[in-house]
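A lone chain, given as structure tokens: the form predicted alone.
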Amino acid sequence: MIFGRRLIYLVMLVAVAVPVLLKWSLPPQRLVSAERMYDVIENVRLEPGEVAIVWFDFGPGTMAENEPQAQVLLEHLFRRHIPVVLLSQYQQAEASLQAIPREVAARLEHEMPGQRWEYGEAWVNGGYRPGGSIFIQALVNAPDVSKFLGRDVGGMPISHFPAFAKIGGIERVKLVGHITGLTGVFDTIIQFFQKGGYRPTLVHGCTSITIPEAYIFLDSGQLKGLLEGIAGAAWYSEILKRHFPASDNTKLLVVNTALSSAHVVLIGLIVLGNLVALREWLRRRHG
């Protein structure tokens, strides 16, 4: 029995390791919800001072799925030169708020020498904000978002940066993005990030286990686009690749292929286990 478990672990290890080591990838599955998200962001039009707000509500436990989603979302916003205010309701997301936008900016600058995505111009990090729904309600009712948020994680007033100096009221937030692996957090955005006749254009990325919950909001129209687990991020990266051929999505496609390979092996092991059980049942029945 111990040998059997060890063999299963070894087979799964090989299934995951082979695509990663060989950098082998398959085309990702087409996902319409990710295409809708791309179209929404592509059609955003900003007046001076208008911004997007993106929430990173995930930590190390769901980073495998949420980090690629955050990367492709920011990549598209940066390519469109849409200023982004990064926030989080989850304390463990602080490291991602710092690292992910810098990584995306560095990759774009490598792809397009001469262009720059600087902190304070392309994005500003508002950091972790406790309070959940209370904070969000206060934010949407603030007469000036930049003044309400106060300072960034480095202690600099957000109004110091010209791109974020005069956001004004929440109606000046043209797009809200939310990436999370937590349950119940997205509901807070849906319920409270609105004011009077203002409803934000809302896009979302979630882990595979919470996809059914997200479909409710997608079907109702409250959610305009969705990244479904790492598969959604992989397909979104493929869309970006088609529009921007120099975009490098090799790593993400390899990871998505490794995950798919593991799923295929897992299904095969389940089928094999049931066949063995059926054989034993037939042997006992017929003596």
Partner chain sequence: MGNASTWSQVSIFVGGLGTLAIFSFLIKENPFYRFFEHLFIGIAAGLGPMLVIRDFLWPNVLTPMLGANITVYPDGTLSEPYQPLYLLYIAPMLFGCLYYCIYSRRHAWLAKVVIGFTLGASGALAIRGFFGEVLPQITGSFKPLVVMGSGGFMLGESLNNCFFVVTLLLVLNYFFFTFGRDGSAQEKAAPLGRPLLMVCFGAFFGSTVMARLALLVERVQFISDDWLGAVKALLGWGLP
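Computed from a predicted model, the values in this text were never measured in an experiment. Positions refer to the first chain, counted from 1.
Not on display, but discussed next: the form predicted together with its partner chain.
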Its partner chain isn't shown here, but in the predicted complex which of Y119, F217, F161, Y198 has a heavy atom within 4.5 Å of it? F217
Are any of the heavy atoms in G61 no more than 4.5 Å from a heavy atom of its partner chain in the predicted complex? yes
Mark Q29 yes when one of its heavy atoms lies within 4.5 Å of a heavy atom of its partner chain in the predicted complex, and no otherwise. no
Test of understanding: in the predicted complex, would L259 fall inside 4.5 Å of its partner chain by heavy atoms? yes
Can you tell me if A99 lies within 4.5 angstroms of its partner chain in the predicted complex, counting non-hydrogen atoms only? no
Contact segment among 188-196, 69-77, 173-181, 99-107, judged by heavy atoms lying within 4.5 Å of its partner chain in the predicted complex: 188-196
Taking heavy atoms and a 4.5 Å limit, what residues of 114-139 are near its partner chain in the predicted complex? Y128, R129, P130, S133, I134, Q137
